[in-house]
Structures are given as C-alpha cells and as structure tokens.
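Quick setup: one chain, the form predicted alone, written in structure tokens, and binding and motion questions come after.
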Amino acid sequence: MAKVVVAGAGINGVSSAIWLQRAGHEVILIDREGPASGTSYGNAGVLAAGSIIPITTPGLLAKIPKMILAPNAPLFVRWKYLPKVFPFLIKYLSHANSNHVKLYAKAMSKLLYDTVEQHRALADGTGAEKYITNDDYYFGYETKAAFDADAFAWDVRKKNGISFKVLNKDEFEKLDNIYKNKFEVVVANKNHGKISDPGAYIKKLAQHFEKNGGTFIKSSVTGLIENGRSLIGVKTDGEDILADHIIFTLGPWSGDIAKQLGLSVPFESERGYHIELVNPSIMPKAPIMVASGKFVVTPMDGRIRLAGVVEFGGLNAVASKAPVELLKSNAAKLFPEIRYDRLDEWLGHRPTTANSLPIIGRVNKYDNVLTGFGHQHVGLTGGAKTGRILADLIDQKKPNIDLSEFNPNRYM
C-alpha cells in the first residue's frame, strides 16, 4: 500500500482517488475549495462519447475577426487580457487544420468512446449511480445548408467509430416537440449519456471516498517538496503533506504547477458560462447542441441548463455581461413559451492546451509524479477514465489505450 496525494477534486481527481482507494492505497485528496467546485460543477452534463472534434477546425482563423466583433457569436475576448493571451492564441489557432483534427479525433476517440460504462463503473456502489442516464446526444441545425457545412466533422466521427443517425425535422419533433420548428436537420449521437446533476454527482462520489477512509483537505497547493528525483510532498497554505506518489489534477489552475514540474505547456483558462432555468414549466427530453450558437441545452434535476460560450479573460476577472446576455437571448428564442421560477448564472474555467489535447501520464522529471488535466470541453466525459488510467499507472499497470498524444513529457 502506498500513500498517494491527489491535488484537485474535480472529476479527474475524485475518480483517481476512488480507483486508488479501491486498489488499497491510502489517499489524500486536496482542493482549494472542495469537490466539484469548478468546471466539474458547471459543465453541460453530457457524457459526449462523440465529442472528438476540437474547437480549432479548418476555416476557424478566417472567422475569428467576425466572431469577436459580432455580439451574437459564441467567442469573446476581454481586450485588457489580449496582450497576455495573444501568444497562446497564435499557437492555438495554428492547429485549425484538417490534419490536426484527424489526429485529435483518433486520440480522443480512444479516451471517450466508453464514457458511460466508465462512469457507471466509477459510481458503482457509491450512491452516485442515480445521476447517470443513457441518452442520445443531439446536434440541431437550423438549415440543411448548416448541416452540410459540417460534413467534414461528421465524416471524421464516422471514421472513428462514432454511431449517429441523421433525422429530419418531423422525425425529431416526434421525439421532442418542445423544439417544434427550430431545426431542419438533427443528428442523434448514439451510445451517449448524461449526468443529471454534475455537482451533486461528484460530491456524492467524494462523500463515498471519505466514508471509506479517504482523507479530504481543503487547501491550496503552494509549492513542492523535492528529494532528488522524487517529489516527496506538497506545501499547502495549511501544512506540508508528504506522500509516496502525487497526482496533479488541478484543471484550469494547472499552469503554475506544470511549470514547477518542468513542463512548458502552452496553456490557458478558457472561461465558460451557463444559465439555468429553474423549475421550468416544460422540460426537454435529452441534451442537444444548438449548432448555430455552439451551446448545449441539458435537462437536469429541476432545471434546464444552457452551457457554452468561449471567453479568454484569465482566471481572476469578474464575469462578463455579454456572454450571459447571449445565453439569455438564445434561451428566449429557443423556449419562448417556457416559464420558470428564476434564472441562475454561472462562470467557470476550462483547462485548455494549445493543441486541445489533455495531458495524462507520468512526468519524467520525477519518478513518482503524474498529471491529468487539460481536457477543455470534455472534462466530465473523459474524467472517469482518466482517473482510472492514473490509478493504474501508480500500480505500474499498462493502460489499454495509447497515451502517446497525451504524454506530458512532450512539453519538457
């Protein structure tokens, strides 16, 4: 039995902690605020096995000026932050080509394809099973021309084994009449799922971890304790914590730690927003990506969540009004007849690498350190499996997927 510190209590960290605990290790989970206090709470809740297309698709670069200036586009940049983020954006946009999309899709399909099964295995016996459902994940297109323009992405998905069915307007409205006259073409992605309350789900998992002898410490990691090639512990704002192995799953707060680990990762916090219609008079039946606005509508426990929008503005700035107003406008247009008790707003941060690929694996600078962060828009989807992989690596088990594209040491 080894003593393992897991820094970061989002889905990657909580999953790692539970799988390590099941393997018989002593585990300490550390987080600055608590389980599911960040992106793992505020995501769209979709177990999106087919989300293997990055934001950086061919033609994106030409669209950027119009998207930044248009008030109804889902991309925002805080102008004061632009000088700082500009070098990252250059690297980020350099991946907006077909070759990179194909590389990304091949790598991510191996990580994401069995997401529902991975979450069910993680939640088994924890009490969190009740939040997991099997649902098709829909993509709604207002026109056939818009669907046809997305042909490259659907072809890439098909070649990577993603199962989907194209529905016409009438076929989809028979499934969910709440969207009457909203979409001409809808794609139903099969073998997908949903978490009906992401925050409650991860907190339930964390409660199970503590109930079974795991230790949670609410604190920030402020430094590393080294001994030659080993990292023997971490400094926190409360105490020094020693361990045999350390896993860093700090999400959007991974940038500074990555540098201390000797990794030069092109990395940014991508700010994401959601709004929730609480106690709505009508509820959609399944999650849907509204292609025109690049946002996801998800029916959750007692509310409808609209999540999406990309903003570059750093970790510390307060929420912007424009992204929230855009989501409110989209909600009003999509659901003009829905009544609800109140509308809640939320801002969180997605951990984003320049090539959009997560960083999963052992760090060469030390013989006992692993990382699991950078999942961008698919953190919840890939989190259960990522945690399982990290736990296996601690026990020197070889994962059954190729991790080469996620190797942290490519940034040494």
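The numbering used is simple: start at 1 and walk along the sequence shown. Only a predicted model underlies this, so the values are computations on that prediction, with no experimental measurement involved.
FYI, the form predicted together with a small molecule isn't displayed, but the following is about it.
Of the candidates Leu370, Ile52, Ala44, Ala384, Ala44 is the one whose heavy atoms come within 4.5 Å of the small molecule in the predicted complex; the others do not. Using a 4.5 angstroms limit between non-hydrogen atoms, Gly348 touches the small molecule in the predicted complex.
In the predicted complex, none of the heavy atoms of Ala17 sits within 4.5 Å of a heavy atom of the small molecule. Within 4.5 Å of some heavy atom of the small molecule in the predicted complex lies at least one heavy atom of Gly34. Contact check for Ile11: a heavy atom falls within 4.5 Å of the small molecule in the predicted complex. Just one listed stretch, out of 207 to 215, 181 to 189, 266 to 274, 158 to 166, contacts the small molecule in the predicted complex at the 4.5 Å heavy atom level, and that stretch is 266 to 274.
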